[in-house]
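Below you'll find only one chain, the form predicted on its own, shown as structure tokens.
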Amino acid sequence: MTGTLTITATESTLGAAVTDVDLRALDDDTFGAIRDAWHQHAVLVFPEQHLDDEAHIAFTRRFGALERNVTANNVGDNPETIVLSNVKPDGSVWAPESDHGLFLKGNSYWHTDSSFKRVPSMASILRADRVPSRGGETEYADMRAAWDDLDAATQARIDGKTVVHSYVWSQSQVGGMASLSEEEWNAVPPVEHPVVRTHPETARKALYIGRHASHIKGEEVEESRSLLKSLCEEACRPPRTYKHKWRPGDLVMWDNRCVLHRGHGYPGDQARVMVRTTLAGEEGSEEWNL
């Protein structure tokens, strides 16, 4: 408890629910408590806040600059938001096997948002506007604890290595490539990031992997992909995971620098509408900033 703010940790190594707070009306002390809790728990759940775009964007901007989206296809009424939805403009739903459905399917694999950008994002803040009757959960995995739990030999094997992240490669494994134009794909060429990142606020090391991580630079491609896959599979196991079952109005914030996430399946004939803001990376580059 911090004043009227209640923070309840999950049984996982990451995640906490934040209640007794209205995100539309935060004083500096309450915001500071939320920021500190986020650094500690990496994933914060704010149940049933029912924010509109304006309040969602305002809360995000308390933390820093927003990140520009890769494509204009899923931008909502505000350029600061990304709408992750299977609903067509006419109210019907996209078939799971359509290009749009396959594009959304990429979210079902463990990943960190924007790792395919030269300056990757700091955080994502996602709200639920419409949820299916079952399924559609978002699951999170703690890459800090995953690093801590590796044996010393594996830590020595990968620390200091560089991984090539490629959006073209990762999405090509799923399909839905037609959802972006050639110009949009060309805007996100392969980039390089360390396989182990040190968090600038907590100084904790974390694995920086996921579906966009194509291969380790300077190593045999298929062999290094096998290593990255096994690292991800082992990292994303209990007690390092937390699965959130969405209710309309929920808001969840997570740290892309040390957390992987994935969406779970849901009935293909039911609507799911989620709205996301993304915090830009902290390295001072404005190439992807709004």
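Bear in mind the structure is a predicted one, so any value in this text is a computation, not a measurement. Start at 1 with the first residue shown and count on from there.
Separately, the form predicted together with ligand OGA exists; it is not shown, and the next lines address it.
For the chain shown alone, Y242 is not a contact residue for ligand OGA in the predicted complex, no non-hydrogen atom being within 4.5 angstroms.
In the predicted complex, at least one heavy atom of T138 sits within 4.5 Å of ligand OGA. When ligand OGA is considered in the predicted complex, V191 lies well away from it, no heavy atom lying within 4.5 Å.
The closest heavy atom approach of L84 to ligand OGA in the predicted complex falls within 4.5 Å. Comment: ligand OGA is not present in this chain, but in the predicted complex one of H111, H215, H100, K205 has a heavy atom within 4.5 Å of it, namely H111. Of the listed positions (N107, T162, Q155, S181), a single one reaches within 4.5 angstroms of ligand OGA by any non-hydrogen atom in the predicted complex, namely N107.
Heavy atoms within 4.5 Å of ligand OGA in the predicted complex are found in exactly one of 258-266, 54-62, 31-39, 228-236, that being 258-266. Shown without its partner, the chain has L126 as the single residue in segment 117-131 with a non-hydrogen atom within 4.5 angstroms of ligand OGA in the predicted complex.
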